[in-house]
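A lone chain, given as structure tokens: the form predicted on its own.
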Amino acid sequence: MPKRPRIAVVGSANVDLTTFTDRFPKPGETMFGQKFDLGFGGKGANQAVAARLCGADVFMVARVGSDLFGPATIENFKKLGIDATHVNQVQGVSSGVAPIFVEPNGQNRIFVVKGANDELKPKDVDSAADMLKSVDCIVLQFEIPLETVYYTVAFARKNGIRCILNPAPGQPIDVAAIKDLDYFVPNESEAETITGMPVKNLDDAKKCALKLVADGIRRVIITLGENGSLLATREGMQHLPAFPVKCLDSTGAGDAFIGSFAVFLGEDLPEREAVRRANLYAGLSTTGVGTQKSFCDRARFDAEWVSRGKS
């Protein structure tokens, strides 16, 4: 029986507003969508849910708005067994929302309105310090202020806590501020935005990963969607292929990868195996619709892992 990791997510909580459509509208065009789905999301919250469903004890540090979505988001964390002690409402501010548009092939386009997520400050990390010092891993994303991200990375290093950063949505960063990271995990578009290098194929991804490692980041994982992921360190790099699945909706697959990867590392699995398992967990998430609702529990994952001959 693997040990039960303790994981803290310092990050965003949104409500996802997902529209399924035959195509994306042209400028000025109004068209009918096929169906609509409302669910809880936000990259931070999604990663917390994935980690919880994979079997970890999970603690969330976040801010929500004073609208009707705020209390519902907190209640959703509690219902899922995620500790929401450090999830607070901010008066006079909306909760974060994410309108999502999904095409028939599963490709998605997402707009994020950060709302209360922008109110998560370094002082809030200090307020949660006792809890954070008790965890095995801290997970971060870019849907909160960069100053809070940088502060939390420094906090993790000072206290000897493993730290995983998912730089999403991609934006220019101060690489020197994240050199103390354990894992930097962008997708192709995020890696391209951050480095200024094109990432259109595996060879591009390798060149980009080499640059990030050369800039001082110790471990880089570039997620490549249906092409799996690329693990790069100062010692070398490995391409770890994806598992074949029938993709319905890719929304949240990156978050599924991050949350599950944190758990598999926390169970003391070898790094390469943790990445491979996270590839499968992320792939399985694309066989359902939505974000958190598409994440599978540990029993289903373990059955899939064994059935594919990867036990």
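All residue numbers refer to positions in the sequence shown, first residue = 1. Nothing here was measured: the structure is a model prediction, and the numbers come from that model.
The same protein also has a form predicted in complex with a small molecule, omitted here; what follows describes it.
Distance criterion of 4.5 Å from any heavy atom to the small molecule in the predicted complex singles out V112 from the list I217, C163, V112, L230. Stretch-level contact analysis of 241 to 249, 42 to 50, 278 to 286, 259 to 267 against the small molecule in the predicted complex, using heavy atoms and a 4.5 Å limit, identifies 42 to 50. In the predicted complex, I178 stays away from the small molecule, with no heavy atom inside 4.5 Å. At the 4.5 Å threshold, heavy atoms of A128 stay clear of the small molecule in the predicted complex, well away from it. Shown alone here, I100 lies within 4.5 Å of the small molecule in the predicted complex, counting heavy atoms only.
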